[in-house]
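Here you get one chain, nothing else, as structure tokens; it is the form predicted alone.
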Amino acid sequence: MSSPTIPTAPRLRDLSDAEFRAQYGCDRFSATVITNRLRYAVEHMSTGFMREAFSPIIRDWYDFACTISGPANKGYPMAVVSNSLVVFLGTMGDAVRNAVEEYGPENLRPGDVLICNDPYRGGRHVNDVAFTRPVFVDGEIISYVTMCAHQLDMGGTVPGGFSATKANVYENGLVIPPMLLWSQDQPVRSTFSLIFDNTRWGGMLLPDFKSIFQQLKLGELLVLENIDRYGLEAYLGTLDYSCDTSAERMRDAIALVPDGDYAGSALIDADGLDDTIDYTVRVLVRKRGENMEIDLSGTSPQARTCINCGVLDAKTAVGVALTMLLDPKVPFTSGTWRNVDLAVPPGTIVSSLPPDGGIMMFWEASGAVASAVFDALNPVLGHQGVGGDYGSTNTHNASGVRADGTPWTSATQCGGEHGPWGATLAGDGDSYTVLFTLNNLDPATETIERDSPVVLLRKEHAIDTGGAGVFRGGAANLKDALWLTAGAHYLSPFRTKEASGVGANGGQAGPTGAMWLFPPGDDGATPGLLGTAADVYADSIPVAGVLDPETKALDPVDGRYHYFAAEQVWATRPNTILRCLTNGGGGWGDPLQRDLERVLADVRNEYVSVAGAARDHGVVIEGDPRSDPEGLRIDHEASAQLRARRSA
């Protein structure tokens, strides 16, 4: 291992004013102003879409993204992205280029909207449809504005598509190659018919399509306003400047990592076929000077179901992981990867191929790529390391019929979709967010209960689930959902065998989670509000997790693994409770160095139990946090003795 190197390439700040203008077609001030104005443009498009969206996954989850890319003669640089779903953003530059090149830029006209949802052409899954509108100036395409949005259903064997049991691309759903949805601002009837003849819930999708069309027109208008104000040369130069800025920051960050080869891995429990195969994402990070190679050779072959992701999604995950670990302020553009090479053989779970390597739950596989990079680099980054997150969205989807015959559906709202992040040098990990590779909102409880026959009985932080450290990992989320009617539930917790929330800088990993169903009694009555002690699980039906064979409570050491797709569709009776417990976030730093007052506060706030404070942090707390939280006290002498014994 060698010492860190200092970048030698020319730096943007060292360019003279004349050199800057020659390279970017404008002065520094204008380039910065145009960049910010374009960021405003994509956020303006996003706000408009959020305001008008009908689909709950758009309205409540923010499941979309907007970008602005440059023209073909510049390589379609993705220069500006919205502050939204990251798994979209890493693939959008490639998606625009691949769709336009296949359709033929010479075939596009002003007012056209090109669509494509093929994961192998553009990344993500078939539900994420990319809508791209070319921007013309004097008859030439000078840019593309793009919105990619999750559609609630794109056909296939499972309503909504969220299932790990689909075997191939034919079962997965409708695949749309690059084709026009609007031609010179007129809807293309044949394309609309193709989509709406193959999707469910078209009544919600159609107004969202119309809104997307209007947001793309808005984006085009805002781009043209900038060109009118600053000139075409300055606009195109700014697209380059924006990408060069990202590249330089990432190059600087990479250079500070010691040269060497670093290995890491992350485990996915099983696919939706059976539990005989687990899947490992393996990464070898080769760092030399200002460059880094991420080699995913040795990763498990593509799964037998649709839990795979494509190579473009693996690329996104690499960008997310390196940004979070090395420099969170790197703007996410095409320049982010300029000094990063990705090596991955075809046909793995993170580079699957059609027709058998179907792609649906793509963020689970790509999230494991990010986890593996964290696992590889945390040991060498020291205090700059970041604790791992909860690893899997533990997605829940369900549908059924109400007593009055009205159908209902619930998508990604009542499982373990939200959970903790790991701790960092800056402090404790957040306890309720989404995976590192996502950036969703949390649907409101009132909205969930209005849309579906469900009552959310519990949504809280679970005690003793944040990885211990100087800074504690975020706490796992515990959610109980009472389903009032019979339902068909698709459950997809993928990472309960091993901890996903790896520790950093000497911190401990967060524990694994699980999932259970609690059926009603023989009289059909609800089990009632469930406790959280280990003795409540005896009457449950385990769905996932490593559990004690007798008590069915968590036992990650000696327990038995339960397979989430043992039932492809979990059919439940009215008054069944679904409990989801996510994994915990990883801790940062030596747990025995955590500030005593922070441990006391954790006990008072029930992030940590009295026993957990002694066991994990060597802090002896006296008192009862439930009956007398203000009376809790630290036994300083006993704590010092306990920490000394642990350190010996």
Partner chain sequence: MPDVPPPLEVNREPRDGTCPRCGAADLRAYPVVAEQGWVQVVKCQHCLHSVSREPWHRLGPIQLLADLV
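Positions refer to the first chain, counted from 1. Just so you know, these numbers come straight off a predicted model, no measurement behind them.
The protein also exists as the form predicted in complex with the partner chain; that form is not presented, and the subsequent description refers to it.
Under a 4.5 angstroms non-hydrogen atom cutoff, the partner chain in the predicted complex lacks Asn198 among its neighbouring residues. Contact annotation: Lys217 falls outside 4.5 Å of the partner chain in the predicted complex, judged by heavy atom distances. A residue is said to contact a partner when one of its heavy atoms sits within 4.5 Å of a partner heavy atom; Asp295 meets this definition for the partner chain in the predicted complex. Taking the partner from elsewhere, Arg560 is found to have every heavy atom lying beyond 4.5 Å of the partner chain in the predicted complex. Taking Gly524, Pro346, Gly139, Gly203 one by one, only a single residue has any non-hydrogen atom within 4.5 Å of the partner chain in the predicted complex, and it is Pro346. Here is the short version: of Pro519, Pro258, Pro301, Gly382, the single residue with a heavy atom within 4.5 Å of the partner chain in the predicted complex is Pro301.
Contact with the partner chain, judged by heavy atoms within 4.5 Å in the predicted complex, is confined among 408-416, 394-402, 548-556, 280-288 to 280-288. Against the partner chain in the predicted complex, the set Glu101, Leu342 and Pro354 is in full contact: each member has a heavy atom within 4.5 Å. Along 590-624, not one residue places a heavy atom within 4.5 Å of the partner chain in the predicted complex.
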